[in-house]
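A single chain, nothing else alongside it, follows as structure tokens in the form predicted alone.
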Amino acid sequence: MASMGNVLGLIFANMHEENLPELTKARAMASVPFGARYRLVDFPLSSMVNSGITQVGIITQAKYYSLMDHLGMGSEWDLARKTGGLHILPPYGRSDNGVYRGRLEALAGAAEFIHESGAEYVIMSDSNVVANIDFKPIIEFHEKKGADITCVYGKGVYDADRTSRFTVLGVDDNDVVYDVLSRPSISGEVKPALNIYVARRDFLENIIRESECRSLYSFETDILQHKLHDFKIFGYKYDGYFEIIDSMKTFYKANNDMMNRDICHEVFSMNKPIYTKVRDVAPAKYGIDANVKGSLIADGCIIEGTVENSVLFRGVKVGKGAVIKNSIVMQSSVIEEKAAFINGIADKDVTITKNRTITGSAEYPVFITKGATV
């Protein structure tokens, strides 16, 4: 059985940004803030580290300054190492001066890094799934099945709007993937791929070389679909909590899910913690008239008003008489005296001025862009 120290982790930082344009206009998907003090990249990266993986590459494409600032040398994840450790892999330019079009071209840009890793297995993950996953049983499953590719999937009931942004798998009772549907627009119980794939390094390198020769770029279409009956492709069902972040609505829902005690304890497990960048900030400060219920409050916040069922990131200020309900307020934003923000998402450095009321709905939360003053 392979040692987890002989497994290479690859995380794609920029996939699926078209589904979340409001939050990825100036940042990578991996850098999107989540849950009061985290970034989306923290979930796959922490899962890999907790599973014993000591070598991880972050494949970037664009807008990765904030991601580099967040990750640093990888010390928070115990990846600041002389051997292995964390590697930020720069964008891969094609001969026509474009950046990679899909996962296969991104892998081609990282081919030398993959080869030099000397790993036996490679785990590939996107950054748009909130989950705390143990990769050890997935590697064991991959070995036991003698798989060429293992696809990690979940199970749930979705409408056509959601599945139109998924890769949906057909998996039989023997865990064999017999069908792969790309954005199928179907309703009902489906098995969405969680954008996590496992392959042997040598097998993956062969795929990369062949794809370059044939100008193939989509892993889902050109490999999973077109090679479905040529390769041994298996599906591993993940039974824990997960949420695929594919819209502002699901981003809003996933943050709200963290206020469910059972879900929060599962995702932010004491045994398998989610690591993030540590900042030396004073604890949150509550005024005499502050009223806070059922919320996630990060360090550095100053609250003198009412906060209910909301997520407040570091350094948020809530003035006297101000009200925040069912909302997400990101770093260093200010809600001034007697202002109200209900059913909304405010990006970083937003100011809602005195006596102003901004209200959305649970189905369609209002969004305020980064740095705006309303």
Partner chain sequence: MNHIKKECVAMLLAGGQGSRLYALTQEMAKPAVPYGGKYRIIDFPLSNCVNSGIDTVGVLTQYQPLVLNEYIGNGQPWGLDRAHGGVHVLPPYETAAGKAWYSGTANAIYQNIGFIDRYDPEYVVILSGDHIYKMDYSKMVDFHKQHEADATIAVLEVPWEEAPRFGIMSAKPDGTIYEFAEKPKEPKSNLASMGIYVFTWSKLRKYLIDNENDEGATKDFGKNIIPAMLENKEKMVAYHFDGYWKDVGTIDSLWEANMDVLDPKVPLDLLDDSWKIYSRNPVMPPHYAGPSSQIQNSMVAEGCEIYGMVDFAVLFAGVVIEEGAIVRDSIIMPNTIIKKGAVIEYSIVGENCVIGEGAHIGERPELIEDKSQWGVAVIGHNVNVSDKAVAPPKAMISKDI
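Keep in mind that what you see is a predicted model, and the values were worked out from it rather than measured. Positions refer to the first chain, counted from 1.
Not on display, but discussed next: the form predicted together with the partner chain.
> Look up in the predicted complex whether V292 has a non-hydrogen atom within 4.5 angstroms of the partner chain, and give yes or no.
Residue-level check for V292: yes, a contact with the partner chain.
> Residue-level question: is Y275 within 4.5 Å of the partner chain in the predicted complex, judged on heavy atoms?
Close contact exists here: in the predicted complex, Y275 approaches the partner chain to within 4.5 Å, heavy atoms only.
> So, in the predicted complex, is F203 in contact with the partner chain at a 4.5 angstroms heavy atom limit?
Residue-level check for F203: no, no contact with the partner chain.
> Determine whether any heavy atom of V157 comes within 4.5 Å of a heavy atom of the partner chain in the predicted complex, and answer yes or no.
Answer no; every heavy atom of V157 is more than 4.5 Å from the partner chain in the predicted complex.
> Quick one: find which of 32-40, 321-329, 334-342, 56-64 has residues within 4.5 Å of the partner chain in the predicted complex by heavy atom distance.
Flagged stretch: 32-40.
> Sort through I186, I88, V176, M259 and report the residue having a heavy atom within 4.5 Å of the partner chain in the predicted complex.
Filtering the options by heavy-atom distance leaves M259.
> Just to be sure I understand the contacts: of I223, M124, A298, V130, which is the one whose heavy atoms reach within 4.5 angstroms of the partner chain in the predicted complex?
It is A298 that has a heavy atom within 4.5 Å of the partner.
> If you apply a 4.5 angstroms heavy atom cut-off, which residues in 266-291 are near the partner chain in the predicted complex?
The stretch 266-291, when checked against the partner chain in the predicted complex, contributes F268, M270, P273, I274, Y275, V278, R279, D280, V281, A282, P283, A284, K285, Y286, G287, I288, D289, A290 at the 4.5 Å heavy-atom cut-off.
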